[in-house]
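Structure 1 and structure 2 below are two forms of the same protein chain, each written out on its own as structure tokens.
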Structure 1
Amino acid sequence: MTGTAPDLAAGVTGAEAGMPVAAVALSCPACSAPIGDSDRFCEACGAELTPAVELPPPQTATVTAARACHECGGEVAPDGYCTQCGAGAVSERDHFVEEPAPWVAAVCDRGIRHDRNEDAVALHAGAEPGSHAVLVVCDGVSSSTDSDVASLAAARAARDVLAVSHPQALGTAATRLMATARAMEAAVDAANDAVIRHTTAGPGNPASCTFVAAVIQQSQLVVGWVGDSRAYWLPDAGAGQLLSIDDSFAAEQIAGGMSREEAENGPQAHAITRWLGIDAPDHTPRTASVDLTEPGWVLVCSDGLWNYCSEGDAMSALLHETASRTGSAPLDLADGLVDWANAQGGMDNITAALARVGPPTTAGPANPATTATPAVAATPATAAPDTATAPAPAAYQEEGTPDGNVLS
């Protein structure tokens, strides 16, 4: 497994060793990307910049670790080619990992068929396992402009909102749930604003992406989503659960009685009905929650993974089978899931973000037929009307023939 966050590009900063430093470049305080002294927002992550950016102390050369060749493991030269075998290096945006704590990790990969990686992931986790974690995945709409930049900015903006939100409300489970749902709405607002800031003016399809996030607050899990990126709860014993309901044409067909397999393999299976962006009809997230009363895994992923393994039970079986080969370290397990999706064809970008609840284990799941399924409760914000959990009307049913804005 190789790769780092894409805006942490390899290179040498400062003056050559032993030489005086004439000037120090400004960098974004959120992601460390280079910025100009007159910039109001970071071009890399979309963070708002304060009028005065504190300069770091003068430095001599700071040399980052050499990149490893994905073909032979040799060292990649500054020109982007391996010094051993001559292979071109993989872009750091095409494959990167995040691991804020040993119990939370993610892998984001370009896949095999796409020219660029439009998926994005952003994570936060407390040091103590099970204490507090945030997992955000955004999938850029491939036919929209700069969706790779917008999706990464959106994921990080939402992560930053949720990372500092530890809602306690009145101290009861119900009020904490409502407060977390409100924080999720604020996070999606921030993500949507980030997409808009990265939208190119003029004709064409503006930047857009899907959104899904999971917040673990001790024994409670809250997920929120817009589009068809997904969240799963996969207990060690019992049935795996798909917690989100896609905002897609396929979900409409499933609600109408079509089998999941047929709907998700149809010609318009990935026509989404809601998304983030300047042309989004509604970006209010739908939410669901689970009480985490037993050990298991929280999985947040893009359709590049669930395309090949959709049902909760099937995803649970895949995760446990993969863990039997990779071990139960979240980063290794996420990498194994991405490798598996690529082995199935890698038709789309692939992101798998995992959080471990309870002690590590490699045991397989129990028979779902003989175990109880954890209850999933809609938050008050989404539970009021009977139609709150039903997919929204398909965008192309309102606007005629679908354009690129509704295809993920």
Structure 2
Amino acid sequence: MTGTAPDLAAGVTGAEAGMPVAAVALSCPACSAPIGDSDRFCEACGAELTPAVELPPPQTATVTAARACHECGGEVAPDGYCTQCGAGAVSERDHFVEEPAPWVAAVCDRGIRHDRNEDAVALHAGAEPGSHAVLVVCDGVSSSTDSDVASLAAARAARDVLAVSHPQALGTAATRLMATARAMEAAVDAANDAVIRHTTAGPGNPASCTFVAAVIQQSQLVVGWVGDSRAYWLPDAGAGQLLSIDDSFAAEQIAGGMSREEAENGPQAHAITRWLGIDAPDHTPRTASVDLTEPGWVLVCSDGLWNYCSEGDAMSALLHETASRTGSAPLDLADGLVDWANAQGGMDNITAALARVGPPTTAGPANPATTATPAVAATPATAAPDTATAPAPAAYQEEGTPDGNVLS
């Protein structure tokens, strides 16, 4: 936790989360002239900076300014509680948002039942809508130590690898796809290294987390995952598609013929079979891709959201229904999805990361496909509509690829 505080404070999250944070102003230790945080030498006196510059202690940036209460808007006292309603201040780690460009945004939230937020999200996006975006979500395994620190480090490490990987110069769509798939493997390697770096030595469960990433580039979507965090393609018209196949006991049972409802509510429903961390048996991501030929939404999320809304169609309906309330700005929509999951009980940490593909939609229930869809039931996972009548999603057939091209 402490290890992440300066990052969060200096990064994009504080101000956007409505929590003003004092800017971390760095100065040269030799002459006190202002310096940038990536400068290696002082512009004013030429002193070498890298070894000498120290980030301020973790807490200074987070406790200086009076913050607004997330519940009632009152002032938060230095003791960490609201002066009006007594609600505990949400730490930056417990609730943060990212919005690297107006068409890409995410909200990462502690939820209600858990004591800390072990979900993490890291985004990258080009300014031009649809040009290039990276969305990474990691869900720390709550039974392990320091998973909150490890998951954030992992998400950022993977994001950084994928953000600089631009295989657009390469020839065909097929070779681009393969290049992105290789970049995905490199990203997971980097994420896995980050988890191990943040694993506390000694007894106890080592830090571990799931991984899911989506890369949008030149009308192509590539997703890669390890564990049970998910990627969805939710076109404005037509069926929502779940692209990833959970590495979970439940998914194995579904593959073996059990109904999704039964499997996802079974005693082992949340046991994952693959993860990142020092004790991970194998962290090679499985990947899938979709050609983005129509407008819609890419959603990358943790089980804190999909536990309440599992199927592709149900997720699509939820998204459109939420947009009718929040409007269709990605950040507002992600926030609306997180609020909805909290309203269902907030049993787990919740992360929703969204990228808009195609022109922005107007707010409100404009989409005819949406109006025909029944309201999403406020019940867990598999009580979503149509399970009885609709065929099981193809993505859950080990060999099948109708929802997307399973590459590996």
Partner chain sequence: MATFSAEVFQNEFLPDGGTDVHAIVTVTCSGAGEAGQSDSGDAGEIVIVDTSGSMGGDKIVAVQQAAAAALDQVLDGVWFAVIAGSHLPRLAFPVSPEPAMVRMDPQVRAEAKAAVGSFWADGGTAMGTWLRLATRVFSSVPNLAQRHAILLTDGINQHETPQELSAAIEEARGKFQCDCRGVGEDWQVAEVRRIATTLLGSVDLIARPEDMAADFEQIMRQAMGRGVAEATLRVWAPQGAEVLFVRQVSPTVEDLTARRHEVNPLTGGYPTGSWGDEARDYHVAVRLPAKSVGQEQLASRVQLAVGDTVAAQGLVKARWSNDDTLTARIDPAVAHYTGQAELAEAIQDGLAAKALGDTDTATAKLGRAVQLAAQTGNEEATSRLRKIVDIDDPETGTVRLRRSVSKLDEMALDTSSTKTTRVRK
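Between two forms, the rigid core is defined as the largest C-alpha subset superposing within 1.5 Å. Every value quoted in this text rests on a predicted model; they were computed, and no experiment measured them. Counting starts at 1 with the first residue of structure 1 and goes up one by one along its sequence.
Trainee: Looking for the form predicted together with the partner chain among these two structures; is it 1 or 2?
Mentor: Only structure 2 matches the form predicted together with the partner chain.
Trainee: Does superposing the core leave residue 278 with a CA shift of 2 Å or more between structures 1 and 2?
Mentor: Residue 278 C-alpha, core-superposed: shift of less than 2 Å.
Trainee: Would you say whether residue 295 is displaced between structures 1 and 2, judging by a C-alpha shift of 2 Å or more on the superposed rigid core?
Mentor: False for residue 295: its C-alpha shift is below 2 Å.
Trainee: Tell me whether residue 102 is among the residues that move between structures 1 and 2 (Cα shift of 2 angstroms or more, core superposed).
Mentor: Not so; residue 102 is displaced by less than 2 Å.
Trainee: For residue 88, tell me the Cα shift between structures 1 and 2 once the rigid core is superposed, in Å to one decimal.
Mentor: Superposing on the rigid core gives a C-alpha shift of 3.2 Å for residue 88.
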